[in-house]
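Only one chain is included here, represented as structure tokens and corresponding to the form predicted on its own.
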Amino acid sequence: MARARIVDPEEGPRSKRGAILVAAVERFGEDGYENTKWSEVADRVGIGQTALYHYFESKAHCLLTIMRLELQRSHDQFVEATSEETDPVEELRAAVRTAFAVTEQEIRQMRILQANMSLLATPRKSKREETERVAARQLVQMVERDWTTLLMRGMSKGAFPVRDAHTLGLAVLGMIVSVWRWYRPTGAIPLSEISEMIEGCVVRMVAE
């Protein structure tokens, strides 16, 4: 089976950066960030540990990059799924469905993101780490605006009761992302069933 890839615009044709990110997602997803040794990521890629520092100056730098890339992927997927919808309820449904239209690698990325969100709160001493942290925080705000704007459009068209769109958007987003804290692909409930359940809950929360 072909290994999963993380789409990273900084990766060149001969770069190991993408392979390192994929290996880090696998290791952080399996054992947790704190329990993963940097050398284990190097072993999975098949390179020496010192080669890792050509791409990432630390394990934290790698983690922040994964978080930033996952937030960008989530935003892009939201925009793509909702851009053609004109009916507010169908736009809402599409936004929820696309949040769960993910691969196992993306599930790991989201699990890692949710488990380490607190890392975005504190400035980093390293310039490269801080660059990734700031970019990730900006993307968090962008994702929140995505949902707020969607809800405001629906309210302006009379499809949703008028409420505080930002607070409601945070509640909806919180319901969706909480799934990645406990969901496992090997669990008893398939993701499609969870997606359908969350979609129904969100529509009732927003539109009724």
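Don't overthink the numbering: it's just position in the shown sequence, from 1. This structure is a prediction, so every number in the text was calculated from the model and none was measured.
Although it is not shown, the form predicted together with another copy of the chain is what the next lines describe.
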Subject >> Candidate site Tyr53, Ala60 and Glu106: all three near another copy of the chain in the model of the complex by heavy atom within 4.5 Å >> reply: no
**OP:** Name the residue from Gln141, Ser39, Ser156, Ser178 that puts a heavy atom within 4.5 Å of another copy of the chain in the model of the complex.
**Re:** Ser178
Original post:
in the model of the complex, does Met117 have a heavy atom within 4.5 Å of another copy of the chain?
Top reply: yes
Original post:
Taking heavy atoms only, is Gln49 within 4.5 angstroms of another copy of the chain in the model of the complex?
Top reply: no
**OP:** Could you confirm whether Ile198 comes within 4.5 Å of another copy of the chain in the model of the complex, counting heavy atoms only?
**Re:** yes
**OP:** Indicate whether Asp43 is a 4.5 Å heavy atom neighbour of another copy of the chain in the model of the complex.
**Re:** no
**OP:** Just give me the residues of 81 to 96, first to last, that have a heavy atom within 4.5 Å of another copy of the chain in the model of the complex.
**Re:** none
